[in-house]
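As structure tokens, one chain now follows by itself in the form predicted on its own.
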Amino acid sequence: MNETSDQILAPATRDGWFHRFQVVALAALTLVAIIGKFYLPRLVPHTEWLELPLLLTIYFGLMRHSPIASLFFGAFVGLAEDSLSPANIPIGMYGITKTLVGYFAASVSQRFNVDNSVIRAVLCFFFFFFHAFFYWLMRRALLGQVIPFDPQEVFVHGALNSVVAVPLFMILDRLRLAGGA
């Protein structure tokens, strides 16, 4: 074997300090997004529509290209979000929906080029609508709770989250590319 074949066959090493920094930064950013989802509307009125944990789950799925890793990330984010939600919502509702969103986002990223901002915005809108509809469906079917589903409101909130996602994803891309990852 020669040097080129050894490099091709060798597993990619991700033991660099910057990779560890990226993991810690992602965990800290996710924690801030989850806590912010519940406390930001108290500080800034009319921001209850902002779904930063969902946007981070979508971003992780689109950039990681690994359905299994994205599935676990979505489950972690969803269960952490469930732990802070009101007492009338059982633990696992956000966990299930965000797990599915993470898995489907990574599956889509394996088939399509998701580096374009327009495609990312459309996918964020679609996954927001999917998340809202599936959450409503689970509360209705599994818990027997009759809650309204307003497609117009979900459409507007999905569009607003898509608008927020484009600059957020650009910032996260710069952080990711700064380390050469």
Partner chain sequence: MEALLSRFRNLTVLVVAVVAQLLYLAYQVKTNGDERLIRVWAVTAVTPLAGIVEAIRHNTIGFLEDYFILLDVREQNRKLKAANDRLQMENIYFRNQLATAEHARALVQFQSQTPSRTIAARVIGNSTVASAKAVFIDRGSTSGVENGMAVVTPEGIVGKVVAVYPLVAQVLLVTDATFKVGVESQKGHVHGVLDCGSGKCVVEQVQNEDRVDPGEWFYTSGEDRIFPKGFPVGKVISSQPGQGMRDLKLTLSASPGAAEEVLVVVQGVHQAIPTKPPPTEEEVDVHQLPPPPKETGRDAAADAKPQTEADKVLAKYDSIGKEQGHVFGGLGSGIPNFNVKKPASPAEKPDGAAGAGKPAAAPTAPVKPVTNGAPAILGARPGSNPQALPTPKPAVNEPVLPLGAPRRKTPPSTATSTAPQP
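Treat the numbers as computed from the prediction; the structure is a model and nothing was measured. Numbering follows the first chain given and starts at 1.
Keep in mind that the form predicted in complex with the partner chain is missing from the display, and what follows is about it.
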The single option of Ile147, Ala27, Val156, Val118 touching the partner chain in the model of the complex, heavy atom within 4.5 Å: Ile147
Residue contact check: Arg140 to the partner chain in the model of the complex, 4.5 Å heavy atom: no
Exercise: Val108 in contact with the partner chain in the model of the complex, heavy atom 4.5 Å: no
The partner chain contact at Val122 in the model of the complex, heavy atom, 4.5 Å: no
4.5 angstroms heavy atom contact with the partner chain in the model of the complex for Phe112: no
Leu31, Leu43 and Ala75 each touching the partner chain in the model of the complex (heavy atom, 4.5 Å): yes
Members of 82-116 lying within 4.5 angstroms of the partner chain, judged by heavy atom, in the model of the complex: Asp82, Ser83, Leu84, Ser85, Pro86, Ala87, Asn88, Ile89, Pro90, Ile91, Gly92, Met93, Tyr94, Gly95, Ile96, Thr99, Leu100, Tyr103
